[in-house]
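Take a look at this single chain, the form predicted alone, given in structure tokens.
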Amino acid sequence: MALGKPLDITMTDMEFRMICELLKSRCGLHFDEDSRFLVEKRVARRVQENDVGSFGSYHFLLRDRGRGEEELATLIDTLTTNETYFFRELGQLTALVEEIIPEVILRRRALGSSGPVTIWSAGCSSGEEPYSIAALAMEAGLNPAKDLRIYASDISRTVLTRSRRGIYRESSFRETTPALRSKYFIEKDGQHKVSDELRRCVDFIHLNLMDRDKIALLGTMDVVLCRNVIIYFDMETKKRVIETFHEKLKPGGYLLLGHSESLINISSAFELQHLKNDLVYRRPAPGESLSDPWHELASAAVAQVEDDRGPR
């Protein structure tokens, strides 16, 4: 339906409550009374575009087993901010590539095991985060096809489609150096496309963080990044999602949250690690004291990376 004059309808208390409860139960998003104006205006846009006439009818649409799932994903895009950019919070990504990944590799060697380091970018939005990880890994001398396995998930099929296409506007490159841009992106018609080499490094998955059955199909991870996502959840949902990450992380694995997020009052199952480049959370291994996490091994890993690179 073509958009015309905005619908002159008002969301009742019951309609607001029903839609918010559905959003919380299906995808964990939390909106309180302070967000009511935003919710009403943005949901009204979806009511108009679907030509259903009322908020009650729209709620019924969201519950439909056929069209409901796709429309719910569109509504989530409408209500949340998917804006991101390459190399966002670079210090944390540098800690991942230069400290965490080498430490995991050395730890495995010490235990006589091998295999790629598994990384899950949860709530990856339009894909800038996992592609940034792959590019920085290559810059650090790692081979993503051999040394890493990067999974990226989001609840929105729309942003995943954009991620897989790998075509970005100028706003995505606000923190990208000219050297990295020319090396990993191809410019065409004012846009930039991710190189095939980089695209092959990331597996994109449609995944709802509230869907434990589907998450159970993922293997265990060495690192989980969930940055600037849990800010949309209430406390109960935050605890549930962080518990899921704890279950999916291997002992000794790392959890990276956004700089505005923390586990205070959410979980005591992780330790806060002070790395050279940033602060991150870590799941202790069984029998490991918090005062003796793999710090010496991590330092050795950083030194090994610097030796392998040689002088810059």
Ligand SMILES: C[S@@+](CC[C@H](N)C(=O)[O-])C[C@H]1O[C@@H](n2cnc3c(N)ncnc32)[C@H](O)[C@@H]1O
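All residue numbers are counted from 1 along the displayed sequence. As the structure is a computational prediction, the values presented were derived from the model and not from experiment.
Omitted here: the form predicted in complex with the named molecule. The next part is about that form.
With a 4.5 Å cutoff on heavy atoms, Ser156 counts as touching the named molecule in the predicted bound form. Although the partner is absent here, Glu129 is a contact residue: one of its heavy atoms lies within 4.5 angstroms of the named molecule in the predicted bound form. In the predicted bound form, no heavy atom of Lys238 sits within 4.5 Å of the named molecule. By the criterion of a heavy atom within 4.5 Å, Leu209 is counted among the residues contacting the named molecule in the predicted bound form.
Contact with the named molecule in the predicted bound form, judged by any heavy atom within 4.5 Å, is made by just one of Thr94, Asn228, Thr118, Ser172: Asn228. Contact with the named molecule in the predicted bound form, judged by any heavy atom within 4.5 Å, is made by just one of Lys193, Arg107, Arg199, Arg88: Arg88. Shown here without its partner, the chain carries Leu29, Thr80 and Cys124, all of which come within 4.5 Å of the named molecule in the predicted bound form through at least one heavy atom. Per the 4.5 Å heavy atom criterion, the named molecule in the predicted bound form is contacted by stretch 200 to 208, the sole one of 179 to 187, 200 to 208, 96 to 104, 143 to 151.
Taking a 4.5 Å heavy atom cutoff to the named molecule in the predicted bound form, the contacting residues in 232 to 257 are Tyr232, Phe233.
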